[in-house]
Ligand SMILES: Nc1ncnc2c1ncn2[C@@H]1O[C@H](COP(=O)(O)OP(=O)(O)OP(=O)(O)O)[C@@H](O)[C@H]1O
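One chain comes next, on its own, written as structure tokens: the form predicted alone.
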């Protein structure tokens, strides 16, 4: 449990935000506090979940209100650079963050921008790809990869920057069962805080400590998730497993 004297890791205070083309704000006077656990963020499509993560990582700027990181307001360009170095986000669409010709270049790009030499950045990239069991992809042309492969490489680009916080937007999209299990095992082994947007209750049941439900621009927090056993048919046969129910 977080020490009450410690500032939240990430925080929104009285944040209002709207897209120019929308008359109604997505959020009005929103308060959000992330203490640094593993939090699931759930809600219907269009409820503002991705917008919330984009605000936290500085990709969107509040109309009013303030974003805080480790108790410090994000006000200057220097603050913003530090925020983005510390908070890594894996986008819902992997193509939004993959832009180099090869996998190795994509994963090494972040470390290079953090000041590592070319040799150091390549070593970091290879280490992360080995962690994800993707080392055989180093010379692959990124845009030729499958959707699931791109998602794993997108995660690698973020982990290569050694973030203090990880934001995941629908991380199991496009993943088959084997890749999903590999991703879950990797995320469970990471000792960093996470906010996970997902409709995948099996993933959240194994990864999240609690969850925030977003509806109509409002947040409801719960540290408890109700888990029940549920049987249904799978292509590979029927078996008992755990789902979460909210």
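Numbering follows the first chain given and starts at 1. Being a predicted model, the structure only gives us computed values, none of them experimental.
The same protein also has a form predicted in complex with the ligand, omitted here; what follows describes it.
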Exactly one stretch in 202 to 210, 62 to 70, 47 to 55, 176 to 184 has heavy atoms within 4.5 Å of the ligand in the predicted bound form; which is it?
47 to 55
Residue-level question: is residue 26 within 4.5 Å of the ligand in the predicted bound form, judged on heavy atoms?
yes
So in the predicted bound form, does any heavy atom of residue 170 sit within 4.5 Å of the ligand?
yes
Would you please decide whether residue 92 lies within 4.5 angstroms of the ligand in the predicted bound form, comparing each non-hydrogen atom pair?
yes
